[in-house]
Structure formats: structure tokens, C-alpha cells
Ligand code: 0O2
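Given as C-alpha cells, the chain that follows is alone and in the form predicted on its own.
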Amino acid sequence: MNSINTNSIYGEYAEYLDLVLEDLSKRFKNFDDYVLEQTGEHGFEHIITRIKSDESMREKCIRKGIPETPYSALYINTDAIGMRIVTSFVDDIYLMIKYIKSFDNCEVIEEKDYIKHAKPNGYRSYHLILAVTTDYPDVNGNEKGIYYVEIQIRTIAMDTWASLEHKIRYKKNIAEQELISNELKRCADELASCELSMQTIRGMIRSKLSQNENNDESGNAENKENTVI
């Protein structure tokens, strides 16, 4: 264990945040290995993780008008631990969500589907906040403490659009903001349509491969029956 950072807003609980994150990362790696074994494809493309910096968490507490304490950082706020899971296809997102909901030590306390219900600007992603029961003490005095984890799950296309939109949105003094917003929304819709088409193509390929495998098995069985011993 690292020595306790008494200057951290997370106080004596700072050392447990990385452990919670590490445990979840291992679970998702196991999931990816399982999907790869079953389908020959990865369950996701990559995962980005972070522990919210001390400075960022303090700024959030100040914005919300709450004390800069471990209780505020770990209980009132629920994004000290963050994960972004990027998948290839939309279906993979919902498969991942189903897997997450199977965790016996996790409870989904907030869930927002911005894929089926995109934001007005075109933003698409799936957001979850998990309450994870751990083997570590928490700020409320529990020996098996609860730590919150914010998870965003999105496809490569959604992630690329969100990154570009974020960069553009923070540019100052740009003329024709409404036109730019409309163009960004159009791009988001076109990407979503393209993603559905690509997913359909993947389904067709999988179906064809499965059909070929069944035909091969049937042919092998028939050859065995016709073989004279």
C-alpha cells in the first residue's frame, strides 16, 4: 500500500480508489477474453480509466457549494472513479451492460441511455453509476465499504464524435454557432446510421459463417454414415 496522502481530498481512503479500479478492470479483461473465445472478436476495443484528480474534485465541491472533505468527494459526488469503455458496435454496448448488471457486488444507482435517446446536440453514449461493495473501509465507517464508479460506454464512432465536439465546443468567439451546432448534429446522425449498417453487415457475416459451419458438420456426419467399415 502507498502511504496515506493527508493532503488529498480523499484522505485515508485515497489508496483504495486504485484498488477498486483495478478489480473492475480485471473483470472487464476477463469478459473480453470470454467473448473473444466464443466469437473470435473482442468484447470491446479499449478502456480508459482515471481517478479524478484532487484539484478537479476540489473544484467540483466548490462549484456545488459543499465542503472539501472525503465525505463530499466519495459520497456526495459519485465520479471519483471513472471508466470509459469503447466498443466496436452498438450491440456490444448492451452486451457489456448486461455483464455489468450481473456483478453480485455492484448496484446500478443511476443509468442514462443516450443511445436510444440521444441528446439534442447528437451526443450518444451509455452512462452508469455503480455502487461497488468492496473489502475496503469507506468514508461512512463500513468495513466492507461502498465506492462509486462512473462508467461511460460508447462505440468508436460515438467516442470520436464526442472528442471532436468537445474540442469545438470550447472554442471561443466563433461566428455562426447555430450553423456549426446543426452540422455537428447532422454528423452525429449520419454516424449513427452508418453504425447500424455496419452492425447489420456483421450480423450477416456471422450468420453466413454459422450456416457454413452447420453445413460442414452435416456433411461430415453424412460421410461417416456412408463409410463402410
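Quick note: we count residues from 1 along the sequence shown, nothing fancier. As the structure is a prediction and not an experimental result, all values here were calculated from the model.
As for the form predicted in complex with the ligand, it is not shown, yet the points below apply to it.
S.K.: Indicate whether Y114 is a 4.5 Å heavy atom neighbour of the ligand in the model of the complex.
M.R.: Residue-level check for Y114: yes, a contact with the ligand.
S.K.: I'd like to know if N105 sits close to the ligand in the model of the complex, meaning any non-hydrogen atom pair within 4.5 angstroms.
M.R.: Answer no; every heavy atom of N105 is more than 4.5 Å from the ligand in the model of the complex.
S.K.: Quick one: is Q152 in contact with the ligand in the model of the complex, heavy atoms, 4.5 Å cut-off?
M.R.: Flag for Q152 set to yes.
S.K.: With the partner left out of view, is K26 within 4.5 angstroms of the ligand in the model of the complex by any non-hydrogen atom?
M.R.: No, no contact at 4.5 Å.
S.K.: Which residue, H46, R186, H42, R169, is the contact with the ligand in the model of the complex, using a 4.5 Å heavy atom cutoff?
M.R.: Partner contact (heavy atom, 4.5 Å) among the options: R169.
S.K.: K60, N121 and E165: each with a heavy atom within 4.5 Å of the ligand in the model of the complex?
M.R.: Heavy-atom distance to the ligand in the model of the complex: all three under 4.5 Å.
S.K.: Out of the stretches listed (46-54, 30-38, 189-197, 175-183), which one is close to the ligand in the model of the complex, meaning heavy atoms within 4.5 Å?
M.R.: Flagged stretch: 46-54.
S.K.: Suppose contact means any heavy atom within 4.5 Å; which members of 68-94 contact the ligand in the model of the complex?
M.R.: Contacting residues: D79, R84.
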